[in-house]
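Just the one chain here, the form predicted on its own, laid out as structure tokens.
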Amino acid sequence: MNTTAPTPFAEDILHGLKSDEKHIPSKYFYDDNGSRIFMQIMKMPEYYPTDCEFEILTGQSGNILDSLNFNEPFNIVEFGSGDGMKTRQMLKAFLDRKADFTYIPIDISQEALNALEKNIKTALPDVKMKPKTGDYFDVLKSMADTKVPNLFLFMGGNIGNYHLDEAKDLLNKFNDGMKKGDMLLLGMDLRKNPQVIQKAYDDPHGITKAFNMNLLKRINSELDADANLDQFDFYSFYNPENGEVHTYLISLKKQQIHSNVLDTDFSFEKDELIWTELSKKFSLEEINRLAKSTGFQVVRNFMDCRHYFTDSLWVK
């Protein structure tokens, strides 16, 4: 067996594929190749969330600014800022309105922050930026003594990837790091026609399938394994009763995968599932309940023209 310390990926794959109900954490979608595939997903006509949030932030950022009621300079603190393409729309609108703010994107990847800073500064040279590298909550603690009001951003519908208890735990931690009067803008995908949701997560182009299959490629590449991708398929299911999308890889036959790095075999029954993602869709009533249960109050839900998605503004 490899004598070097196992990576978090190796540990999570070992745990996930040895469990009675096999699973791979969805955070592992986003290696370099997975990130490229996700960029393709975001460009699909069936995948509405990205365009919906872009529409909201392009057209309603002025209304968001008015709803903040910050009468002094403030911070915009973004958790997991990505490439900043959508946030840039908000920052531009705020600058056009002469708002006095400092943009503080937080990411564990210094490389990602460097790219983001270059993108934002190129498009908006006047924006004040203070990127911070690290864990969300470590950075929150470091900002605890500041008297400046904060608008926190958690965009893209990411809250829907957490089970309810995990989502509440995350939001409680956000709340603990916020001052009275601080605000949180939370991207949340809404319940809608189940056909629309199903097509977004099981597209006819096979891109979402490739996104999931890339998890097996990672296992082969990073754990020196021998998974045969032709012996697996992809399945996505939306349950309109609870608003949850679940995605899976399916073993098409009874088989074993061997990893040289982990020095172990993973056994699969025919038609056995590997759960890869949860994506929760919310009703407005569920949003109100979630906010109240974690110490927040909903100020306003900003929606796209089709009411497919909301950036929900909460106050502590």
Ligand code: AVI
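What you see is a predicted model; the values in this text were computed from it and never measured. Numbering starts at 1 and runs along the sequence shown.
Below: the form predicted in complex with the ligand, not depicted.
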Among the candidates Ile41, Leu65, Ile250, Val261, the residue which, in the predicted complex, approaches the ligand to within 4.5 Å (heavy atoms): Ile41
I need to confirm a contact call. Of Phe232, Phe211, Phe94, Phe152, which residue comes within 4.5 Å of the ligand in the predicted complex, counting heavy atoms only? Phe211
Might Glu277 be said to contact the ligand in the predicted complex, defining contact as any heavy atom within 4.5 Å? yes
With heavy atoms only and a cut-off of 4.5 Å, decide whether Gly177 touches the ligand in the predicted complex. no
Report whether the minimum heavy atom distance between Tyr201 and the ligand in the predicted complex is within 4.5 Å. yes
If we define contact as a non-hydrogen atom of the residue within 4.5 angstroms of the partner, is Gly84 a contact of the ligand in the predicted complex? no
Taking 4.5 angstroms as the heavy atom distance cut-off, pick the stretch from 214 to 222, 120 to 128, 105 to 113, 155 to 163 that is near the ligand in the predicted complex. 155 to 163
